[in-house]
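Below you will find one chain, with nothing else, as structure tokens; this is the form predicted on its own, and questions on how it binds or moves follow later.
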């Protein structure tokens, strides 16, 4: 039986890279700078250590990720996670879906939204605001995009302003890219599987 996880879960799996991650002790000064290594770093993920093979991309990726997912104002953190979750579900990125579902549930202090999405997918019973956010992010993540003016109207009807809609577009787009990269570079595996 394979140790690769194929079903959505809120339990964050391990991630097994197909490319050997750099070893922090062997990293070049440029890689350390891109990794933003500080004395307080206790663990850098295998994914980020794998991305460190491409220093220029990693230098841009980390600040971009932090700005999109953690900046103040605009869409709430919970709703940014919902947009990222929708993209991850479209791309069937088990690892990212687990991370975003777990964070959404933690921030919301409630698992009902992610339970419903994993049980029923696009047919999930969601609040009007969550439905508008999920549907738009899900459609935007299709290739080619299926986002429609009607979905934009649903976001407006659910009370989202320009800054919130921009944050939703950015979180969905970021994970549309990241999901596809994770698929190429590795697999989600059961905790404790041989790396």
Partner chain sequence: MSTETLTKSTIVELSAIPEGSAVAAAVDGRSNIMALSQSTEDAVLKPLETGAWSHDIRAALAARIAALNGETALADRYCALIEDASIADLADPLRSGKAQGLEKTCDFMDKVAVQTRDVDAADIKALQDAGVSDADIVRLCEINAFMAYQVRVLAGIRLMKEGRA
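Positions refer to the first chain, counted from 1. We call the rigid core the largest set of C-alpha positions that still match within 1.5 Å between the two forms. Here the structure is a predicted model, which is why all the values come from computation and not from measurement.
The form predicted in complex with the partner chain exists for this protein as well; it is not shown, and the discussion that follows is about that form.
Looking at residue 91, you'd find a heavy atom of it within 4.5 angstroms of the partner chain in the model of the complex. At least one heavy atom of residue 149 is located within 4.5 Å of the partner chain in the model of the complex.
By the criterion of a heavy atom within 4.5 Å, residue 54 is counted among the residues contacting the partner chain in the model of the complex. Taking the partner from the other structure, the partner chain in the model of the complex has a heavy atom within 4.5 Å of a heavy atom of residue 166. For the options 68, 126, 34, 154, the one in contact with the partner chain in the model of the complex, meaning a heavy atom within 4.5 Å, is 68. Contacts to the partner chain in the model of the complex (heavy atom within 4.5 Å) from stretch 163 to 188: 163, 165, 166, 167, 169, 170, 173, 174, 176, 177, 180, 181, 183, 184, 185. Remark: with the core as the superposition reference, the CA shift of residue 173 between the shown form and the other one stays below 2 Å. With the core held fixed between the shown form and the other one, residue 12 has its Cα displaced by under 2 Å.
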